[in-house]
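Here's a solo chain for you in structure tokens, the form predicted on its own.
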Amino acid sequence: MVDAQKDVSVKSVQVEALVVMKIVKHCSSSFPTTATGSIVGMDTNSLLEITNSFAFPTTEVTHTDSHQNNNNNSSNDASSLASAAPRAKANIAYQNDMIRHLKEVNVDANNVGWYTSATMGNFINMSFIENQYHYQKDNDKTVALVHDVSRSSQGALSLRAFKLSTDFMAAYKEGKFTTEILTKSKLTFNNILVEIPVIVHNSHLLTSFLHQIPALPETAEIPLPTSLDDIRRDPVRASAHPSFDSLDLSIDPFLEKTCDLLLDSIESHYTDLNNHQYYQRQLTREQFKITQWQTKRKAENAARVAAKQQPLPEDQWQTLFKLPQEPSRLEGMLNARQVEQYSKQVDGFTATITSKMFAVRGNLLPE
């Protein structure tokens, strides 16, 4: 991971607060369907500034059956269309038109990537890789912003920036993810994506507004006004109330959901592993047949040479036998990267829950 970060030309991403609000609003309104859009800005040395964003047009999925069994299928179709929107020809033309209009009003109109929504960190898939490769192959300084709607609903903004590593870009361009090539390039699931720190930038006007929010009183005793004139001169401004949700001792429901998703990803990993083992057994069986055939042919040629006859060709096995083709390891690598993502989320959930349990264990233990 450290070696991959050395090749990154962008060291940090600065996102305007207005852009963050637009992305959050779009992703929340489209939940649980995937939301995608384009981001524009400029690159200053190693800092990528994102100053504006706009959503891609959505395609309505027609319902031909009113049964409830088709509701999940229509939702999956809508998410699939939205996931493939950044590289669709119609949306590419729409993006170019929007950038041309932004240039006319003297606004930063350099495309610096795209954004997408996620649910419980479930975003590492082939569609995400294809979209990011579509942008990064033409401009190395483009990123993908991922907004996790489920995590942000708990009060903490989840906005992360990713880009593909240089080694993975070269391997994806070749389109070969065999065991031999992965071993030579030392490409693993750890260095597929490179995460870049995200900085939320506020304007001076917004910063001054935040400083005007009333703070908690310095003393416990608050002097009461003596007349209406005192209230008019110094109106009472209620301070922001602290949130007591962090004191809730119940198990986080997102922890259970993340564990379920983690188990599903592990099952997918075992399925991919079984497929590769089946390929290895098939390859070993065919190689054994080829070895037997070559041994038999050598014995026949030795007998023909002794009888002063023309030996038979020994490379005829290439037309008689067909070696099985090794399946691509890309899906397995992406699934392993998703398992790592879920594991980090479980670690983050359990860290807060464990500290709460240790804090109140004195009241939970029997006397």
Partner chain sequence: MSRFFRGGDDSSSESSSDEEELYSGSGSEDEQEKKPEVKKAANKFLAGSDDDDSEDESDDENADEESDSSDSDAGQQKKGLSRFLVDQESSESEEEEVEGTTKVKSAKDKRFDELEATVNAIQNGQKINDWGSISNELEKLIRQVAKLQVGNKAPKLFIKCIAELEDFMNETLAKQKVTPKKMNATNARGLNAVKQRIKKNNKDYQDQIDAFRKDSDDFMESDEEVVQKPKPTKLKFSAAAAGEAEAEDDEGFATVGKGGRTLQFTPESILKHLRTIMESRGKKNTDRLEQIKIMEKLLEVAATPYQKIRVLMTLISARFDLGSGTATSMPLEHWKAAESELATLLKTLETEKDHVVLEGVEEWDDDEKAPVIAEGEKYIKIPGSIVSYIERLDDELTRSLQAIDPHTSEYIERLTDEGSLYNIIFQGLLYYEMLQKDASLEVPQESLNRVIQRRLDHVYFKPSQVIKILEENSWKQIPSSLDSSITPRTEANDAGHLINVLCNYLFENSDGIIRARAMLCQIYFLALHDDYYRARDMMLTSHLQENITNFDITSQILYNRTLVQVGLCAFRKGLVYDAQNTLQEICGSGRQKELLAQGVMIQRYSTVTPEQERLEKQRQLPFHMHINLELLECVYLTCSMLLEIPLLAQTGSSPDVKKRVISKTYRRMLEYHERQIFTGPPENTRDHVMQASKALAAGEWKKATTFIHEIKIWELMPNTEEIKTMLAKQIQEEGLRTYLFTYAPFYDTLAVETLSSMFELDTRKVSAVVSKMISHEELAAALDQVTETVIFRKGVELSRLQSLALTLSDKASALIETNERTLEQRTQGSTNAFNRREQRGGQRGGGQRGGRGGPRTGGNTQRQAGGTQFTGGALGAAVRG
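Residue numbers count along the first chain shown, from 1. Small disclaimer: the values here were computed from a predicted structure and weren't measured.
There is also a form predicted in complex with the partner chain; it is not shown, and the following applies to it.
Undergrad: Would you mind picking the one in 89, 186, 285, 296 that has a heavy atom within 4.5 Å of the partner chain in the predicted bound form?
TA: Of the candidates 89, 186, 285, 296, 186 is the one lying within 4.5 Å of the partner chain in the predicted bound form.
Undergrad: Within 4.5 Å, heavy atoms only, which of 97, 256, 138, 230 is in contact with the partner chain in the predicted bound form?
TA: None of the other options qualify; the answer is 256.
Undergrad: The partner chain is absent from this chain, but in the predicted bound form, do 262, 329 and 351 each have a non-hydrogen atom within 4.5 Å of it?
TA: Each of the three qualifies.
Undergrad: Looking at 313-321, 298-306, 336-344, 37-45, which stretch has residues with any non-hydrogen atom within 4.5 Å of the partner chain in the predicted bound form?
TA: Contact-bearing stretch, as computed: 336-344.
Undergrad: Taking the shortest heavy atom distance, is residue 224 within 4.5 Å of the partner chain in the predicted bound form?
TA: Close contact is absent here: in the predicted bound form, residue 224 is far from the partner chain, nothing within 4.5 Å, heavy atoms only.
Undergrad: Can you check whether residue 207 is within 4.5 Å of the partner chain in the predicted bound form, heavy atom basis?
TA: No, residue 207 stays farther than 4.5 Å from the partner chain in the predicted bound form.
Undergrad: Would you classify residue 179 as touching the partner chain in the predicted bound form, given a 4.5 Å non-hydrogen atom cut-off?
TA: Yes, contact at 4.5 Å.
Undergrad: How about residue 174: is it within 4.5 Å of the partner chain in the predicted bound form, going by heavy atoms?
TA: Flag for residue 174 set to no.
Undergrad: Need the contact residues for 266-297: heavy atom within 4.5 Å of the partner chain in the predicted bound form, sequence order, or none if there are none.
TA: Heavy-atom contacts to the partner chain in the predicted bound form: 266, 267, 269, 270, 273, 280.
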